[in-house]
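In structure tokens, one chain follows: the form predicted on its own.
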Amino acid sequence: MKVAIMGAGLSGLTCAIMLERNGIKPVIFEKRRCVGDRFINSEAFLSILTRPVADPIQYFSDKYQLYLKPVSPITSLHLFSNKSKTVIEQPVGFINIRGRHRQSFEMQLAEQTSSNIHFHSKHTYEQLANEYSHVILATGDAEYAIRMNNYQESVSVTLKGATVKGHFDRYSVYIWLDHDLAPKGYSYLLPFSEKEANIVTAYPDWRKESNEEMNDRWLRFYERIRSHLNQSLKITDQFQITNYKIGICKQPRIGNTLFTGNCFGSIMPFLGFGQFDAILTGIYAAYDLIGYGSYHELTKPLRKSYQDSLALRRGMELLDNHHLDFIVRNFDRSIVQKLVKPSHLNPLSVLSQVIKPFVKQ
């Protein structure tokens, strides 16, 4: 068996690690110059999105001997709407770093693999499929899945973000549900040290926006954060992505080609985070090749989570700022405690079942 992995991101590197442990040495092809060669940003494991797994860091360590070090646990979640706010003082997940940072998850996974990585690769999928018996598509986007008519797009989004310098509580996360800042979307601040944080606004491409409108919306968000924290927050790095497609592949495996990570559809439409599922697709793809199970069957729960998350996103799109103010203002602490308390309850699934009758997916 000759295995090629196209992409040295979360799912590709995880797949390589699992294959190596079972006597298969894949070859990784990465078009960038190094692992994590992208803008630095912080992301989060939120337990409400990974249930019934409440602690994904422990889960990957104990179950798969896959060791990841987050920046910090999240013990305080500040939730804002246009005119309301609430603070949830509960452990709700972890913050980690992505991109070209020495502590990023990509860098950590690269240290755990010994597979040969070809950087600056110009190999196409077609070339690899001819040369190797199996190909893992872990490219970080849906390009090849779309080309192969194996992708169902759910939403196209605009993301704009920056790294800012200031003074932060590394255990606190800030989320804004405010259509003035991100229409039918969300904005957030995730610190990855006491001195640096990532600020991001993300919303669907529900109408064509000019660069002037986009920049004006971004400046309102930036000023809102600076005013709230009473800090100047110097911007040191920025990124902007438009027309980024969120969707899921129709078939996780076609012949000897397996779709993983964002090529599979690991990004959760509700809040946009998808690291947990991306890593699992890498594990499950390797398990399929070494005979531990069917990739199609193993990924069924991930496809269910995706559909539940999509239902919540569609539900959020029905709300205006008055609805969001009411929800945030009346957020019941006892409900929050039930949602974050470790159990076999899957809040994402429960909430999606409540809202599905009211939305079209």
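Because the structure is a prediction, the values reported are computed rather than measured. Position 1 is the first residue in the sequence shown; the rest follow in order.
In what follows, reference is made to the form predicted together with a small molecule, a form of this protein that is not presented.
Of the candidate stretches 287-295, 138-146, 81-89, 230-238, only 138-146 has residues whose heavy atoms lie within 4.5 Å of the small molecule in the predicted complex. At the 4.5 Å threshold, heavy atoms of Phe273 reach the small molecule in the predicted complex. Although the partner is absent here, Phe192 lies well away from the small molecule in the predicted complex, with no heavy atom inside 4.5 Å.
The small molecule in the predicted complex comes within 4.5 Å of a heavy atom belonging to Ala44. Contact check for Tyr306: every heavy atom lies farther than 4.5 Å from the small molecule in the predicted complex. Among the residues Cys249, Ala278, Ala197, Ala182, the one placing a heavy atom within 4.5 Å of the small molecule in the predicted complex is Ala278. This chain lacks the partner; the member of Val164, Ile267, Val173, Ile97 within 4.5 angstroms of the small molecule in the predicted complex by a non-hydrogen atom is Ile267.
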